[in-house]
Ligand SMILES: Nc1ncnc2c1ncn2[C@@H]1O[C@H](COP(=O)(O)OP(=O)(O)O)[C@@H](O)[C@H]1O
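So this first bit is one chain, no partners, the form predicted on its own, shown in structure tokens.
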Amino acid sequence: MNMLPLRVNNVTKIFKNSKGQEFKAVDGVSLDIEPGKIFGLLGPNGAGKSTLINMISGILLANDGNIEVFGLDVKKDANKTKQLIGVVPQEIVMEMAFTVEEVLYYFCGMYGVPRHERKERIKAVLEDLGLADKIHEKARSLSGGMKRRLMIAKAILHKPKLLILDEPSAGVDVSLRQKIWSLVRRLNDEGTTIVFTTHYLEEAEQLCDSITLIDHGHVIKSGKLKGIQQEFSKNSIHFELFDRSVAPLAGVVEVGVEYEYPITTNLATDMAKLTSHYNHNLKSIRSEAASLEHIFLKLTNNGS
């Protein structure tokens, strides 16, 4: 049976503030994550993303609803689900007194990696992350970026089927961010389903197949990234011509050196209509893809 890597069903988490008042950090959230995809959970700081990740990984228990990982309930089958998930938390949690090798050897044991495979597995992961020369150094002596990479190493040692990264590039420089993106893509190419939270909208645009936008604990939009962008795009197609004297298609408006055509049916149909009419005279053609920032502002009523 083809189980979904992750199913979150109407999950709610309630906390109390310093005055004893209850508030819902996550409020009735539902998600279905398809296998083999890179999925982005987006929203501003405080939206409830990390709380949701902590419930998926079993650190927190939901007040209502249920979460399944490959068909297993994270409450009832906690030990089994933890073998299937790798989690990179937002905070750097490290056994600072141990060497890099000792830290990873310990986690190999935690995840059930066979003893005879551990040294080779550790070596391969460290080479992947550019940490091979740090194997005998104390974790405390690593730079912030290297500690972040060691956190990722811990999470992928047991070759999880589902990898969850909570704000993986928060506080890292551009170079390391690009390396993390590259690793995420490669792991996904090898069959790992990836879920990551971010408030960097450009990160989601670079990596994601599908996204869910979350704000104040609520899902405000979910779906395929391209579909959502098309939904919020300006309803027009822009194009340039080699020969500007050609007879125009009805509805085409001249805008400087470009032409604009309003989308009246749907993007694919109207694109085909334009290419059929202008044929080899088309110099360029494009639709206006809305940025995720624009979409989020619209959905939270902060945009015009």
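Note that residue numbering follows the sequence shown and begins at 1. Fair warning: this is a prediction, and the values are worked out from it, not measured in the lab.
Note that the form predicted together with this ligand isn't included here; everything after this is about it.
Trainee: Only one of T269, N45, N279, N235 gets a heavy atom within 4.5 Å of this ligand in the model of the complex. Which one?
Mentor: When this ligand is considered in the model of the complex, the option within 4.5 Å is N45.
Trainee: Run the contact test on K37, R149 and S169 with a 4.5 Å heavy atom cut-off to this ligand in the model of the complex and return yes or no.
Mentor: Zero of three within 4.5 Å in the model of the complex.
Trainee: Just one stretch in 48-56, 61-69, 271-279, 241-249 has heavy atoms within 4.5 Å of this ligand in the model of the complex, so which one is it?
Mentor: Selected stretch: 48-56.
Trainee: Can you tell me if L292 lies within 4.5 angstroms of this ligand in the model of the complex, counting non-hydrogen atoms only?
Mentor: Output for L292 is no: heavy atoms all beyond 4.5 Å of this ligand.
Trainee: Spell out, yes or no, whether the shortest heavy atom distance between T99 and this ligand in the model of the complex is within 4.5 Å.
Mentor: T99: no, not in contact with this ligand in the model of the complex.
Trainee: Quick one: does V11 come within 4.5 Å of this ligand in the model of the complex, counting heavy atoms only?
Mentor: Residue-level check for V11: no, no contact with this ligand.
Trainee: Could you tell me if Q90 has a non-hydrogen atom within 4.5 Å of this ligand in the model of the complex?
Mentor: Yes, Q90 lies within 4.5 Å of this ligand in the model of the complex.
Trainee: Which residues, if any, of 8-28 lie within 4.5 Å of this ligand in the model of the complex when only heavy atoms count?
Mentor: F15, K16, F23, A25, in sequence order.
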